[in-house]
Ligand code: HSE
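The chain below stands alone, shown as structure tokens; this is the form predicted alone.
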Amino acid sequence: MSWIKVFSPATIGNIGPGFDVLGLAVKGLGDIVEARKIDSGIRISSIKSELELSKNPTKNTAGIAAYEVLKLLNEKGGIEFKIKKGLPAGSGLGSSAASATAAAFATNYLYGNKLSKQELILPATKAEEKVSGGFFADNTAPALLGGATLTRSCLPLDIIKIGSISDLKIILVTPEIFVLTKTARKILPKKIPLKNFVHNMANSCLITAAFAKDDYPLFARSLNDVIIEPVRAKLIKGFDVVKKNAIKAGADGMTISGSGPTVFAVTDSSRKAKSIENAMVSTFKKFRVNTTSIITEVDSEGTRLINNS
């Protein structure tokens, strides 16, 4: 059987105050999964990754997602994968979700393309749950659908794509700090003040409106998380100073991508974006933290077939 190649983009979970509810796909980073049909079973023949990842299909999100899709389709055949990780594990950019969504998409495509992208969110999210320790779709949904998404409910799964913001420039900076989603969730507060809940709820609602209206100024003034960010920031060395210097350099806001350690700042100016990136990278360096960085924007397409060349 011939191989197909699927790309799934990096994602920003939460988008600030929208914990486990809002998610956003971004350009320039992601996973590539090659796939072909085989007679039976699920096989991962190769993984190109900075970290050693399991090829056991029951322990890799790609294999788990494929199993869930085949089960939905009631197919008895199998599938083989070659995975090229463009996202490091524990980066806060939806690494496990990217592999899961690419594999789910590829499996569905090879077996008749009977399920919509919307229907693929559930099997991909079940796969990510195995490694993250929680059932949430703020990475899998935007990875599949593209743009910004909102999860109203996980069980039953109820997700809507809310749109994009054409002027949004995103500065992503990933410090060389390893933060697993499971670890980042364990430190979350069990109780929060009502005023903080109201604050985050209001900002989450405004971010939703901003993406629906393609309204950058509305988005920029709503990127403020007073519940999760203060807790998870402690896992990221130098976070408070990096944020202060990013805003000083012209950013309209900065917060944590997903569970971290990646952070992202926003602007609507390409000229300011480079200065903001330099300020963030150099500040992390003062704390003796090396980083990788990219200036990017919203990926409105999501998971897709790409050329085999």
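Numbers follow the displayed sequence, beginning with 1. As the structure is a computational prediction, the values presented were derived from the model and not from experiment.
There is also a form predicted in complex with L-homoserine; it is not shown, and the following applies to it.
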Exercise. Among 59-67, 33-41, 256-264, 280-288, which stretch has residues whose heavy atoms lie within 4.5 Å of L-homoserine in the predicted bound form?
Worked result: 256-264
For this session: Give a yes/no on whether residue 107 approaches L-homoserine to within 4.5 Å in the predicted bound form, heavy atoms considered.
Result: no
Exercise. So in the predicted bound form, does any heavy atom of residue 136 sit within 4.5 Å of L-homoserine?
Worked result: yes
Exercise. For residue 221, is any heavy atom within 4.5 Å of L-homoserine in the predicted bound form, or not?
Worked result: no
Exercise. Quick one: does residue 20 come within 4.5 Å of L-homoserine in the predicted bound form, counting heavy atoms only?
Worked result: yes
Seminar exercise, completed: in the predicted bound form, the residue from 82, 199, 213, 185 with a non-hydrogen atom within 4.5 Å of L-homoserine is 185
Exercise. Hey, which residues along 217-234 are within 4.5 angstroms of L-homoserine in the predicted bound form, non-hydrogen atoms only?
Worked result: 232
